[in-house]
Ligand code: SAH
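Given next, in C-alpha cells, is a single chain: the form predicted alone.
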C-alpha cells in the first residue's frame, strides 16, 4: 500500500474518531477533514503523529492544533458556503485550508499571522493545497483587519486577554466570534454572537490552553 493510500485511511480513521467523540457533527466539517491532508502541514520528523489527536510543534514555537480542538471551534463558528471568515493566527495553514473547503469557491478566508517566518511556512502549505480563496497576510491580527470587514465569522487560534469591541464592529449581525479568552496559562473558549449593531451574547464552552496572542491587543 502506498503512503498516499495510508494517509487517506488515517484521515478517515481520524474523522470517525472525531465524529464518535462528538467533536464533528456536520457533514461539511467532516468532508473538510477528509479532504485536507494534515500530514502536509507538519514537519517531517512528526509525520507519524500527523493523524493523532494531539497538538504538534511546527516552527518558531508555533503549533498545529489538536484536531479535536480545531473541530470543536469550527462547529461553534458555523461556517457556511459563501461566508467570509477572518482567522487570527495562521499557524501552519491547516485550519485556513479546512475553512477554505467549507466556505467554497464563493467564500473567502482572510488569515493574519504576526510572525513572518510562520507566515511563509503557512503560505507554502496553502499554495500546495491550491486554496485560491485564502488571503494570507503578515500583521497584527489582534486588531482584526478592517479592510475586508464585515465578516460572517472571526476565529482566534491564540489565547486573547479579551475580545475587544472593535472586533464586533468588524463582524456582521448574526455573525460569530470563537476565541479562547483568559490568561496566558488557561483560557475559556467563548462564542460571541452579534445579535444587532449594538448587542451581543456570549457563551462559554470549556477550558483550553492555547499559545498567547501577540500584538497590540494581545499579551
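Numbering follows the first chain given and starts at 1. Nothing here was measured: the structure is a model prediction, and the numbers come from that model.
Although it is not shown, the form predicted together with the ligand is what the next lines describe.
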| property | result |
| --- | --- |
| One stretch from 106 to 114, 145 to 153, 128 to 136, 77 to 85 that, in the model of the complex, holds residues within 4.5 Å of the ligand by heavy atom | 106 to 114 |
| Close approach of residue 123 to the ligand in the model of the complex, 4.5 Å, heavy atom | no |
| 4.5 Å heavy atom contact, residue 15 to the ligand in the model of the complex | no |
| 4.5 angstroms heavy atom contact with the ligand in the model of the complex for residue 63 | yes |
| 4.5 Å heavy atom contact, residue 72 and the ligand in the model of the complex | no |
| Residues of stretch 182 to 219 in contact with the ligand in the model of the complex (4.5 Å, non-hydrogen atom) | 211, 212, 213, 214, 215 |
